[in-house]
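This document opens with one chain alone, in structure tokens, the form predicted alone.
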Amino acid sequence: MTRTPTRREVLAGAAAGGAVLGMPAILKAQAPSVKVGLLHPVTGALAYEGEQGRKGALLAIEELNAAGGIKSMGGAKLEAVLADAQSKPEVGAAEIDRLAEAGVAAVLGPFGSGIALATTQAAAKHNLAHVVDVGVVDQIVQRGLKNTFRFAPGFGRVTAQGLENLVALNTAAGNPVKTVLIVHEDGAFGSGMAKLMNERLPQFGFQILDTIGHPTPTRDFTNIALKVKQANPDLVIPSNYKNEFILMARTLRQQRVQPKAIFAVLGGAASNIRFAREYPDAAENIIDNNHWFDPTKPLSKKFAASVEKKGWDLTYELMLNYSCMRLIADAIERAASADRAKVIDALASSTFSDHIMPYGPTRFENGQNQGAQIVTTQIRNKKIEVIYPKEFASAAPLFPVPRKG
């Protein structure tokens, strides 16, 4: 005798059938994600810079996912795994271990040179691609680490270009600058820059009157400002982080120290729009040689509009991390895989050019992007203007700077 199924059995069978029939659609809607570690110092002395870097990377992920994700992997979405280096190298290295355990395909960060030396070494143990966003100490890419890729230029390139641009500006103005004083933070970043400047400035005919180091953080620049005033250099070259740079510039203004120019090299706030807006008297006409985007590119203009819409400060940390995240996505796209070895190989062979920086196509040699370069900027009327090279310029240079009343 045939048994008539109960209503509960009919409903259960229908549900099971629906699950089987619906499975392809569910799988298609849930394309696997690709995890990328964002390791920045979002607390501690470098918190502002780290937070800006994180924002730039997240903006790129947002846009890339909206555009269809990693198409070679069926539209897989990029998933950010956030980590905080706490402005400390040893914490950054420990966070790398955590990110590796979380299954990330690559790591982006960590802004500070000292932190990058630790995190890239730690990532190498996991055969994990580490794209360095800013860290300029050249040792980062001089240790033979196959997993390390620095998109932006390092000390050697930055210093050489900065000095070339200084000579060009000085020559065009009739060589008003002859003497120089260097102020630098005493960590790996500032000390390395000061060393290179001391080696190379005399080769261009400049006399170095003094080199003054200071720790990070520094809460009072009065004594340093008085030393600068007494030396009376034609040019002051600072290399320090944002908070110290702002305090230094304000103190120089208060002490009525007026060199013919403040010509920063990787100045922590000299290319920072918040500094330009909040302290216009101290910031006006300061020149910097730094990472900055190409303002003539359509993608740059779109990026700047997105940043303004979100109410963020337009800074180079945003620019570089936005570009680096697009670089990583391009590598994963070409690798068609989140496999770490394949991602490393894809980065090593990269010719990525869909970025906002004033670079040509990416070409890594020993982990350093050979196409990377800085530009010279100047704060003018609360804006950051590119003044050199001319092909990227948004304003003519004001050099030497007129004395203020």
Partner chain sequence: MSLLLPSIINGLTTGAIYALVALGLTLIYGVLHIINFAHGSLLMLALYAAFFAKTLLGLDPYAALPVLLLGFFALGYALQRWVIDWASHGRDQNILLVTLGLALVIDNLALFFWTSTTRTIDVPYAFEVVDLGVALVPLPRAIAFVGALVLAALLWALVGWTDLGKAIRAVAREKEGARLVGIRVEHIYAMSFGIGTACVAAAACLLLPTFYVTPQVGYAFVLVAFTTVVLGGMGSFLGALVGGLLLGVVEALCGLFLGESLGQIGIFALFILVLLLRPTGLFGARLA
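Quick caveat, the model's predicted, so the values are computed rather than measured. Numbering follows the first chain given and starts at 1.
Here the subject shifts to the form predicted together with the partner chain, a form of this protein not shown in this document.
Within this chain, Ala336 is remote from the site of the partner chain in the predicted complex, having no heavy atom within 4.5 Å.
With a 4.5 Å cutoff on heavy atoms, Gly103 does not count as touching the partner chain in the predicted complex; it lies far away. Although the partner is absent from this view, Gly213 contacts the partner chain in the predicted complex, with a non-hydrogen atom inside 4.5 angstroms. Gln230 belongs to the set of residues with a heavy atom inside 4.5 Å of the partner chain in the predicted complex. Between 68-76, 201-209, 320-328, 279-287, the stretch whose residues reach within 4.5 angstroms of the partner chain in the predicted complex through a non-hydrogen atom is 279-287.
A heavy atom within 4.5 Å of the partner chain in the predicted complex is found for one listed residue only; from Asn127, Gln254, Thr179, Gln258, this is Gln254. Taking a 4.5 Å heavy atom cutoff to the partner chain in the predicted complex, the contact residue among Leu169, Ala194, Leu314, Ile246 is Ile246.
Every residue in the set Ile224, Lys242 and Arg274 has a non-hydrogen atom no more than 4.5 Å from the partner chain in the predicted complex.
Contacts with the partner chain in the predicted complex, taken as any heavy atom within 4.5 Å, map within 32-47 to Val42, Thr43, Gly44, Ala45, Ala47.
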